[in-house]
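Given next, in structure tokens, is a single chain: the form predicted alone.
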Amino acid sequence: MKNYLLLCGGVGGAKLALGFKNSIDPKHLTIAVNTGDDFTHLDFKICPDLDTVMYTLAGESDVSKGWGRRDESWNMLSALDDMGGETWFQLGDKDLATHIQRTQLLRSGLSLTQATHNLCESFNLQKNIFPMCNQPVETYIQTKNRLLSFQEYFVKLKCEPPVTDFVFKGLDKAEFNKDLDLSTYDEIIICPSNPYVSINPMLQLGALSKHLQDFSQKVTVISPIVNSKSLKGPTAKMMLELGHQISVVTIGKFYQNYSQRIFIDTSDLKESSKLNELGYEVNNANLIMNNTKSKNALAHEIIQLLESR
């Protein structure tokens, strides 16, 4: 079997990652996760995308919310609210334990990769989930009026301010995770995550960007847009605000320099010729992953196609 590297953001990427986890031997699967939305809150190091992937693969995610842990309680947050503390970022009690443990591991001198693998062990997961880099990269959202940190925009302001651009701070000192040897992967999957704030921070890392451009024939994009709508999150809203059409063609243009193959939903087959003109081999499948069966089915279909090559 081929070796697969998944480039993954939050909920949408985590769903596909679960399908892959359920479909192939873990020794053939590596998941590189966006850390551009990491931040420090209440003195804790919080890594939302890493946690979403970890919780999802461990069967610990709150499926109804799309974030956090299942069977959560909120005693700490309630008590903090009573004291007049900051509660705009929702921290459940079980989720908070993850952030406390990660913060302590990092303060003890471990890298983010080592801390992530320590947490993976706690959830009985393979050590195949990696942060995109060990250095801090911070995503900021440029709006008409001011520059917002990602979590302020995404959580506190609920994605309401119109977006004009994105800023990634810390890239001058960041490098793609050195524990991941890109030459060892036969296929690279860009998960159906937000291209602007989940995948783009990874594309800003020089070694990964160059590798994807040099070996675009082994890169497969899974569209986060289905029938002119976002599968999850503010992708479609951002497209409109940036002056783009909400379409799989916009996704194709975004990744044109990095990939030669794309999966689109069967509802978007009418756009195939435009994607062909951009240089893509177009494949179609049901991209809506609303249960374990559909997550596994999509992963199986992608793997079946790529293994046949």
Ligand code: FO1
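These numbers come from a predicted model, not from an experiment. Start at 1 and count along the sequence shown; that's the residue number.
In what follows, reference is made to the form predicted together with the ligand, a form of this protein that is not presented.
Colleague: Could you tell me which stretch in 175 to 183, 87 to 95, 124 to 132, 105 to 113 has residues with non-hydrogen atoms within 4.5 Å of the ligand in the predicted complex?
Modeller: Heavy atoms within 4.5 Å of the ligand in the predicted complex occur in 87 to 95.
Colleague: Taking a heavy atom within 4.5 Å as contact, would all three of 187, 210 and 258 count as contacting the ligand in the predicted complex?
Modeller: Not one of the three qualifies.
Colleague: In the predicted complex, which of the listed residues (99, 117, 169, 237) lies with a heavy atom within 4.5 Å of the ligand?
Modeller: Checked against the cut-off, the match is 99.
Colleague: The ligand isn't shown here, but in the predicted complex which of 155, 148, 203, 76 has a heavy atom within 4.5 Å of it?
Modeller: Selected option: 155.
Colleague: According to a 4.5 angstroms non-hydrogen atom cut-off, is residue 46 in contact with the ligand in the predicted complex?
Modeller: Although the ligand is absent here, residue 46 would touch it in the predicted complex, with heavy atoms inside 4.5 Å.
Colleague: Does residue 254 reach the ligand in the predicted complex, with heavy atoms at most 4.5 Å apart?
Modeller: No, residue 254 is distant from the partner.
Colleague: Spell out, yes or no, whether the shortest heavy atom distance between residue 271 and the ligand in the predicted complex is within 4.5 Å.
Modeller: Because no heavy atom of residue 271 falls inside 4.5 Å of the ligand in the predicted complex, the answer is no.
Colleague: Taking the ligand in the predicted complex, which residues along 50 to 69 bring a heavy atom to within 4.5 Å of it?
Modeller: Counting only heavy atoms within 4.5 Å of the ligand in the predicted complex, the contacting residues of 50 to 69 are 51, 67.
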